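Just the one chain here, laid out as structure tokens, in the form predicted alone.
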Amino acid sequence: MKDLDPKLVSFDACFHDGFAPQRNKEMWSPEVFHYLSKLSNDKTTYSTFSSSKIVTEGLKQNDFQAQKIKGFGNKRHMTKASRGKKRNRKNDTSKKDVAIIGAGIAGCTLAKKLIDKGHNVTIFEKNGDFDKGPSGFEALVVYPRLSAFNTPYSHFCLHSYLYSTKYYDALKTSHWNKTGVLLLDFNETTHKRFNDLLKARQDEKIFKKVSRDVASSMAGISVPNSGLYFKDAGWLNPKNFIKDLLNNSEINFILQEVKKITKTKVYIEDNEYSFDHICLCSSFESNKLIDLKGIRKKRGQITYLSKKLDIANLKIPICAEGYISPTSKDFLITGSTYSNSFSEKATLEDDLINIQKLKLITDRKVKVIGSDYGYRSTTQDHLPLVGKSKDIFINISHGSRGTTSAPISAQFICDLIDGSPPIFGKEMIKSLSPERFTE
């Protein structure tokens, strides 16, 4: 409860079931009742099967009016309480007019969330060709970069992964392929990280260790090492997924470059539009419209491989230093480079880098049949910029993991616009703040 912000979150009802106070004192401490009070509004109700004095005293000392009543079932007594002090409650559920600048996966997942909440959405996009950049690739792998360490980055990776896979499952889109993903144990650093993860989490609900033979059977091709298998992971066709999200009559789509924005206005070449809220989802180009610190522009190139020869039977994405993934077309994808180059064409040099990385996954012969490239917006701490800055909502810098991080970030922005309890706690909100590099 410490991580919840009373300015953003309030409980309507609380059922306190922490076993008997004498058996689990931490769940009934003065600190718990203090935070319950801070997170309550004027209509909050409270109930518990316990009728212990420590409960009624804790409630009374924190502005609740408590009473002992007849218990439920075989319980002799229980406690219920209500607020004894008036507090204002914020929750704006009115329909808003929202502008989204950028029709990549961050912008489109946010548009879907907002429309589902009943808001009016207008998307501005300057590029009519969605085949360009990472959002136009034929496949992007959805899996988490987990760590056993207790850091904001590891927390975000875990929660965004769990949220995104359920999000894609719920949409029932044909462009989401829940095949599972295999991460190979290919060097000493990876070996240590995997061992730490296996010690920290032994229930196999999210991942499990698999031997080399089992990994090869899962993958459909022979692999050189054991690894971790993520059963709920997979790959997404972002190009067709985005097209499907945009094929919604409730979205007002404007194919124009935005020249300027204010808190409530969007200016294009020959017109201006007014909105209740504006959200930037335009990657590294957002700095043309608002001054944000910490954004880095990185180039990534992928390589297309013939779905023939010895790798034709690949069933699932495999990741090592690079990755290889199936697609819905008659070719596979391997990648990706990560550089400061601004080359505006695919290069042989980057294809060779991708093939070299691929050797950690398979030593089989491959045939290159093409390549593609795009630019990503990243940050130095590898977390996206998500939140509000200068009265503008920001949802950018998802790097190479936008398919994983965009859905939960969209939910957070939607929560802020609605005035609903946010999906993130205080520490994560601070870690994702678009203004964190200026503080």
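Computed from a predicted structure; not experimentally measured. All residue numbers refer to positions in the sequence shown, first residue = 1.
Unshown form predicted in complex with a small molecule; subsequent notes refer to it.
Task: Complete contact of 125, 300 and 399 with the small molecule in the predicted complex (any heavy atom, 4.5 Å) - done: Every listed residue reaches the small molecule in the predicted complex, so yes.
TODO: Quick one: find which of 181-189, 307-315, 277-285, 150-158 has residues within 4.5 Å of the small molecule in the predicted complex by heavy atom distance.
DONE: Heavy atoms within 4.5 Å of the small molecule in the predicted complex occur in 277-285.
Open item on the list: Would you classify residue 35 as touching the small molecule in the predicted complex, given a 4.5 Å non-hydrogen atom cut-off?
Closed with: Residue 35: no contact with the small molecule in the predicted complex.
TODO: Considering only heavy atoms, tell me if residue 146 and the small molecule come within 4.5 Å of each other in the predicted complex.
DONE: No, residue 146 is distant from the partner.
Task: is_contact(residue 324, the small molecule) in the predicted complex, heavy atom dist at most 4.5 Å - done: Heavy-atom contact with the small molecule at 4.5 Å: absent for residue 324.
- [ ] Please check if residue 336 has a heavy atom lying within 4.5 Å of any heavy atom of the small molecule in the predicted complex.
- [x] Heavy-atom contact with the small molecule at 4.5 Å: present for residue 336.
- [ ] Tell me, out of 256, 271, 247, 252, which residue has a non-hydrogen atom within 4.5 angstroms of the small molecule in the predicted complex.
- [x] By the 4.5 Å criterion, the partner-contacting residue is 256.
Task: Position in contact with the small molecule when the complex is considered in the predicted complex, options 79, 135, 177, 226, heavy atoms within 4.5 Å - done: By the 4.5 Å criterion, the partner-contacting residue is 135.
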